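Form predicted on its own, single chain, as structure tokens, below.
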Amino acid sequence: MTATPAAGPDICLTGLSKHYGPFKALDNVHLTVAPGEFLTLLGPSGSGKSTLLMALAGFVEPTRGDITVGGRSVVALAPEKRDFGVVFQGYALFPHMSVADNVGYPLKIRRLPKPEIAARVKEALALVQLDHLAKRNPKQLSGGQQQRVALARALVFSPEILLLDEPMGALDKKLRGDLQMELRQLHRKLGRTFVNVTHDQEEAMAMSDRIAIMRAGRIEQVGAPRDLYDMPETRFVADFLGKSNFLEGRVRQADAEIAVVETADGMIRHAQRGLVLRAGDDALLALRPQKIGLGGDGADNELPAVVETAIFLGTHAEITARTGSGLVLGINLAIDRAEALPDEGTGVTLTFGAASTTAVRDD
């Protein structure tokens, strides 16, 4: 398990579907995972992310479609024949076995020699910083330690692909944050392919090379965390990954650089990028709360509004303001701009740049 450069097989899902009667848990999914990539499947409950991971692991048989690893179909292979490491949310440790025996179990069933098992177990436990707890039983460990044991067990036979099904879902927030960083560092050290499932947006953003956002059994959008956040393609992605305000209107004029969108609160100048708007189009613009300021001269866009709530949260302030049309917008102000918060009921001018909005498709 020494550090290696990103290598190994790619994973290709082609037209992958899983139906339970009329219900489509997976609906014609196409996805490629590059060798050595850390990819996270992100989505709300029922979006199909765990079903996709379990189909990849071999625990769910697809209704149709194919899964290839390094160009070879694995759909007909039993889970144990795929040689993937799998880490579950519930740890799935044997309570009557020691930590070392739990980690060594995959090697024991492969009938490796005892000296080799002992050496690999020692190396795997050192990798997750638990070599000093090898003789303890799982019930003597904390939740975070048990998850590390499960991770060591999944890595002990040196799989090229590691599948993680909400591995931190049972941990408290601080411990999740610590383990996220450890897992990311471990991925970089090993250079293996990691496919992770979570419903936690911050976890996905912190750990992943790319994120595949799922909805209703389909992949809505795939990309690097920054690209998905800055350039969402749909209302769902813009609202699921972080928070967004939405401005609706009709494009009155447009060129290659700027589209002018008429909304119920006036004209909005929008810098063209991603989805290109043309004159006469209906437009839906996503606007992140932190992109909105209060007052200031020279802004591309200004909207009169009345403050409804203003809450100081230490590092920033969260404000809601209602425009003349009745649209309520959320605003996040950094602490240096939030030192004098406006009172509720105060009239303000909301300002934002033409490059602050993103045109998205409606759902």
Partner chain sequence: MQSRRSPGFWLLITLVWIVVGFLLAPMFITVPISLTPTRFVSMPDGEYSLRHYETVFTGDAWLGPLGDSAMVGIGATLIATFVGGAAAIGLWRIGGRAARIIGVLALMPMIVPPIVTALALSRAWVTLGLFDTVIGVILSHAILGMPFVFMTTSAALEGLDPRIVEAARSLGAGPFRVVRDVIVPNVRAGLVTGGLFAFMISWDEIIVTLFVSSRSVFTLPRKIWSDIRDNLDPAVAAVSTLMIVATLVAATLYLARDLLRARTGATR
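Source: prediction; values computed, not measured. Positions refer to the first chain, counted from 1.
Same protein, other form: the form predicted together with the partner chain, not shown, and the subject of what follows.
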As a check of understanding, the residue in 260, 97, 216, 112 with any heavy atom within 4.5 Å of the partner chain in the predicted bound form should be identified as 97
The partner chain isn't shown here, but in the predicted bound form which of 181, 78, 119, 279 has a heavy atom within 4.5 Å of it?
78
Residues 84, 93 and 106 are flagged as a possible site; in the predicted bound form, is every one of them within 4.5 Å of the partner chain by some non-hydrogen atom?
yes
Classify residue 234 as contacting or not contacting the partner chain in the predicted bound form by the rule of any non-hydrogen atom within 4.5 angstroms, answering yes or no.
no
Is there a non-hydrogen atom of residue 157 within 4.5 angstroms of a non-hydrogen atom of the partner chain in the predicted bound form?
yes
So in the predicted bound form, is the partner chain close enough to residue 89 to count as touching (4.5 Å, heavy atoms)?
yes
I'd like to know if residue 153 sits close to the partner chain in the predicted bound form, meaning any non-hydrogen atom pair within 4.5 angstroms.
yes
Only one of 123-131, 98-106, 240-248, 197-205 gets a heavy atom within 4.5 Å of the partner chain in the predicted bound form; which is it?
98-106
